[in-house]
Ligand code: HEC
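Given as structure tokens, the chain that follows is alone and in the form predicted on its own.
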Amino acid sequence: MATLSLPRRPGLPALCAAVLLLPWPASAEVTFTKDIAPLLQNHCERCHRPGSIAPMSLVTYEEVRPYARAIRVRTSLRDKPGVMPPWMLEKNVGIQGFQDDPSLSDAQIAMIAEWVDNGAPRGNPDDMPPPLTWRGPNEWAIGEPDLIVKSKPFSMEAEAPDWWGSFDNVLTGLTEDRYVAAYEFHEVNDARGKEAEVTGGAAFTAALGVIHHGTVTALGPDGRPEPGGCCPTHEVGRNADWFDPRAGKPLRAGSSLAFNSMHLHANGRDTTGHIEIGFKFHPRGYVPAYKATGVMVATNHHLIDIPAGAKNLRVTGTGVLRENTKLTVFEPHMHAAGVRFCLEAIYGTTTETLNCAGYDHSWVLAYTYQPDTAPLLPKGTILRVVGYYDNTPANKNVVDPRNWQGGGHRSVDNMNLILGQGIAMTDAEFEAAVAERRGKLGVTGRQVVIGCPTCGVPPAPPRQQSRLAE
């Protein structure tokens, strides 16, 4: 999503006291039409528009004004659970170069607060930007897919216990081998329009989905999983996936999709629907330069012990990279009690935090690194996942904080892991990637580069032939 660029507002210059005595011009009033509407278009309307998944539309002033103070609160959460737009990456820790970042800058958050605190004025109607055009409620973040595969229909009663199981496999219909560049998961159902069943006729659009998560696996014509790990696990609120352009994921002619480990929950309405998987392909003739790989480090379920009322409880787990790896996606995975997650890399005597992010089990997000910031980690690197848990009434995702929680697959149980993606490299490929990164960053000497522990190691000089060997 595009980030709105705002002009700098005047502030107090660091000048002498005599200058400070001069009158300072007041900043222009922040208004909806001139300042807030463009921001909402760039950061919010993809979900907050008529017919989309959000519980209210934020397009017109009349729609936005009743939620002004709520918008101020939610945007000010920054990297805490509940923040809007949903992007919980901590901006003062670790690597900061990520793709498709919809978050607001400090200046934008301050502008919203100023607008609300001044009474949320409408402003001049002539300042209102032209309305955005959306293709429809089932908008694809990856653009129009090259292939859409639909699951068999499913149904869920209005009031029923959670359901776990598998859907029937579905053929992709491909008649030629292709490589996947991007992937997106949509739930399509008939819950919209049934608001009267749960609200007595009042407008209500939240909780439309009944799928909490699902594992989708691409199977080759022989029924075996395709190499490279296509496709990522879907989770509620999850964003689309863009794979490394040099490591596309194969989807072959005669392939099928397996819908394993599906988790459905009731939403207060009898609901029938299906899943749509959208694929964007690389051009015909594309050949990947690298091998795609999954990167998962987890805490053993039996080691997760969260007492009733526990706050800021820390749980860790470790794993060792057996191949040189470029980590392309950072995706924390916890459950209802989780509120923060960090990924650390240990190489030799160096330990560094690659990234930290808040966690909200209602918005399970994948963070895709920009190509020039993705961690380059040599084989033997120890990855440590660090999760923080809040089992108190302050965490609204916890059903009953009086209960102990352990590890498990249900949302009322817990996990602590990274569902990462990356590309595996040979020693020669890895050395070339490090040299390229070193050159782009202008690294000299033994500088520390977060996520590239060997970038600051000077390259070895060419070996000279020994005189004894002559």
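In case it trips you up, residue 1 is the first one in the sequence shown, and so on. Bear in mind that the values here come from a model prediction, so they are computed numbers and not experimental data.
A second form of this protein, the form predicted in complex with this ligand, is not displayed here; the remarks below concern that form.
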{"property": "Answer option from 44, 418, 37, 425, heavy atom within 4.5 Å of this ligand in the predicted bound form", "result": "44"}
{"property": "Of 58, 443, 30, 434, the one that lies within 4.5 Å of this ligand in the predicted bound form (heavy atoms)", "result": "58"}
{"property": "4.5 angstroms heavy atom contact with this ligand in the predicted bound form for residue 75", "result": "yes"}
{"property": "Non-hydrogen atom contact residue 278 with this ligand in the predicted bound form at 4.5 angstroms", "result": "no"}
{"property": "In the predicted bound form, residue 86 touching this ligand (heavy atom, 4.5 Å)", "result": "yes"}
{"property": "Partner proximity in the predicted bound form: residue 48 to this ligand, non-hydrogen atom cutoff 4.5 Å", "result": "yes"}
{"property": "Triplet 54, 70 and 363 all within 4.5 Å of this ligand in the predicted bound form via a heavy atom", "result": "yes"}
{"property": "Interface segment, criterion being heavy atoms within 4.5 Å of this ligand in the predicted bound form, picked from 345-353, 145-153, 310-318, 77-85", "result": "77-85"}
{"property": "Sequence-ordered residues of 302-321 touching this ligand in the predicted bound form, heavy atom within 4.5 Å", "result": "none"}
